[in-house]
Structures are given as structure tokens and as C-alpha cells.
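This document starts with one chain, in the form predicted alone, laid out as C-alpha cells.
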């Protein structure tokens, strides 16, 4: 009887997981399929899960709309990779300073970080743009990269991970052995933080790669356009929108995100396993 219940539970669990996996993958598959269909098929025919034969036609239309995927991918990659590195490293450094050092304003500083998390970016964008304009940083990737050093959500996540996984005795032992503070952080703390850093790297990369609002405000030079800006301009034709080309542009935008996830997902799994062992 117990074996039957256990088998039924496993079958139910696997069935639910399979359904959820299909529902998660289905929108992306539909996007990939629509990238191979023309506008008439997308608008007039029923939803299809089978690829069509108009991929190269859509590619010609896409390239004919002054859409330069190589330049867009390069610009987005520069901004996203640099932003991710800044976010992950400096957030881990800030979280380490809050966690490992007992200084007077530690709690108020952490409270301030939590308060900043509640402020929408749109509230400060006018002042931010005016500041960047006055110092001549518009049409400059650094205006999109440098602000990512201050990432309150990442700092909060890193601190919580340290509280669960980082023994302060390890830091004290390194200090007793004569290791400098930066050596301790770079050589001892960062390897322990790999699961948390990988998780935040994925979130930061996806957020930076998909960002449209701030790059659209700061970047007005065509040579500086990122992929989301280029894709948003594909629907600028008031006479006709080629939806197949739009879906192809979206597909090209999404592919690097999948690659980043597959490269870093094993670290997330390690982090989950580590948390399970400690629990």
C-alpha cells in the first residue's frame, strides 16, 4: 500500500513538473517558430508549433530596416558583461563589509540600502539624465555601467547568503595568519560566494540586457544602440509592421540570455545543494 502511494506521488510530482516545464518553454518556442513565419501567417493563420520556411526572408527584411544585429549584440554585450561584473563584485564587497565588520553605522547603513530598494528607477531618471548631461556622459556606455556598482538588491542577497554560509571564524583565522583584508576577500570569501554570485550574475545580466528605458534616454547615437533599442525601432514603420522580422529580432535578443543561464546554472544548483546540507 505504501509503495503504491509512493509511486502515485512520484508520478503526480513528475507530471506536474513536466507540465510546468512545458508551460515555461512554450512561449519561447512560439517566438522561435514565429521568427520563421511571415506576417500573413502570424496575423491570419492559427497558432503553429511547427517552424515555417520564411526565416531567411525575415532576415533580409530585418537587415533592410537598418537593423545591425552584430553591432547591437556587441553594444549590449559590452554593457551587460561590464555591468554584471561591477554588480557582482562590488555588491559582494559591500555585503562583506556589512557582515564581517562591526562598525557604528552598520545597521543604519543597511537600513538605508533596504530603503533604496523601494524607490523606482523612473523617479530619479530626470535628475540622473541632467547629471550625466552636465558631465558629458550621454552617449557613453559608462553612464549605464558605473551606476550598477550600487545594486541594493544584490547587496541584500549577498549579505543573507553570507549569514547562512560564511563562518566569521574563517575570516579571523586569515587575519591571524597575516592575510590582508583584500587578499582574504578575493582569495577566501569570493570562492565561498560562487553560488550567490552566479545567481546575481544571471539576474544582473538579464536585467541589463533587457533594459530599454535608461539606454533609450541616454543613448541617441545609432552606433551606441543596444539590442532592445533596435528591436523597439522595428515597429516604427507606420505603414506596415513585419512581425516575422520583429520576432526574429526578439529571438536574437533572447539567445545570449539562454547562453548566460546555461553557463551559470550549475553554480545555482550547487548553492541549493549547499543550503540543503546546511539545513
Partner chain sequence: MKRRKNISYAKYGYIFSLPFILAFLIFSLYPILYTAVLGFTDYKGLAATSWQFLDEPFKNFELILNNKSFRQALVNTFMIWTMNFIPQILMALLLTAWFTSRRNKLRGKGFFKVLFYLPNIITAASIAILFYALFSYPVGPVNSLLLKLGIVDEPIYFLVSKMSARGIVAFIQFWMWYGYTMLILTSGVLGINPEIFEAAEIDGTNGIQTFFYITLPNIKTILLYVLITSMIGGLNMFDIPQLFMQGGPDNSTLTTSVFIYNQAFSGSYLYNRAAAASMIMFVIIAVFSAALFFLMRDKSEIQIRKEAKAAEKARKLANKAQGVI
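On a predicted model such as this, the values are computed, not experimentally measured, just so you know. Residue numbers count along the first chain shown, from 1. Take the two forms, find the largest set of C-alpha atoms that superpose within 1.5 Å, and that set is the rigid core.
The protein also exists as the form predicted in complex with its partner chain; that form is not presented, and the subsequent description refers to it.
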Please check if residue 43 has a heavy atom lying within 4.5 Å of any heavy atom of its partner chain in the predicted bound form.
-> yes
Partner contact for residue 191 in the predicted bound form: its partner chain, 4.5 angstroms, heavy atom = no
Any of the heavy atoms of residue 85 lying within 4.5 Å of its partner chain in the predicted bound form?
-> no
Using the partner position in the predicted bound form, report whether residue 58 sits within 4.5 Å of its partner chain, counting heavy atoms only.
-> no
Check, residue by residue, if 70, 201 and 241 all come within 4.5 Å of its partner chain in the predicted bound form, counting heavy atoms only.
-> no
Quick one: which residues from 102 to 119 get a non-hydrogen atom within 4.5 Å of its partner chain in the predicted bound form?
-> 102, 103, 104, 105, 106, 107, 109, 110, 111, 112, 113, 114, 115, 116, 117, 118, 119
By the 2 angstroms cut-off, has the C-alpha of residue 42 moved between this form and the one not shown once the rigid core is superposed?
-> yes
Did residue 227 shift 2 Å or more between this form and the one not shown, C-alpha, core superposed | no
Using the core for the fit, does the CA position of residue 218 change by 2 Å or more between this form and the one not shown?
-> no
